[in-house]
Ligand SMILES: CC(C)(COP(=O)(O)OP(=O)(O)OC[C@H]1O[C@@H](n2cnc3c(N)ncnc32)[C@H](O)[C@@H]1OP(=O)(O)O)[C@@H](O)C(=O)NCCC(=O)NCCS
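Presented as structure tokens, the chain that follows is alone, the form predicted on its own.
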């Protein structure tokens, strides 16, 4: 585990460091438009950074959403990045766990993610089959759509996840 890592809510002056983190972590994907939109989305997003020696070494966002026809408050995890030289040192796990506490305090009962099941299963995420993504996923991604129940939340209503504007780009769900 990394020692001396500070986890805090991101601030407007963190954007340059956050953007560089995503360029370094995902050189084959252009996540910057999404990252920028989420940083500007205000109270609809929880955005946390991991700081080590005054440098941003990790970032995570959760966007508040709802399931069409349901009343429960849910969130979508993503994106999540850790500076590549510091992978496998607990930074991503620490960010996820701290964010879960923020979400529980915000009365969010369920979290959804489109990501690697081998990674996200360590936090308790399981394949999701009742709440569907805003756009159909490629067949090979079906196991990547997952959810986790936080606290004593009710099971979300079956239906489609309704996402805010930053997440309405079909390429985020299909490529």
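These figures come from a predicted structure and were not determined experimentally. Numbering follows the first chain given and starts at 1.
There is also a form predicted together with the named molecule; it is not shown, and the following applies to it.
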Which of these residues, 64, 135, 41, 26, gets a heavy atom within 4.5 Å of the named molecule in the predicted complex?
26
Per contact check vs the named molecule in the predicted complex (non-hydrogen atom within 4.5 angstroms), the hit among 114-122, 135-143, 65-73, 41-49 is 114-122
Contact between residue 80 and the named molecule in the predicted complex at 4.5 Å, heavy atoms?
yes
In the predicted complex, residue 99 touching the named molecule (heavy atom, 4.5 Å):
no
So, in the predicted complex, is residue 91 in contact with the named molecule at a 4.5 angstroms heavy atom limit?
yes
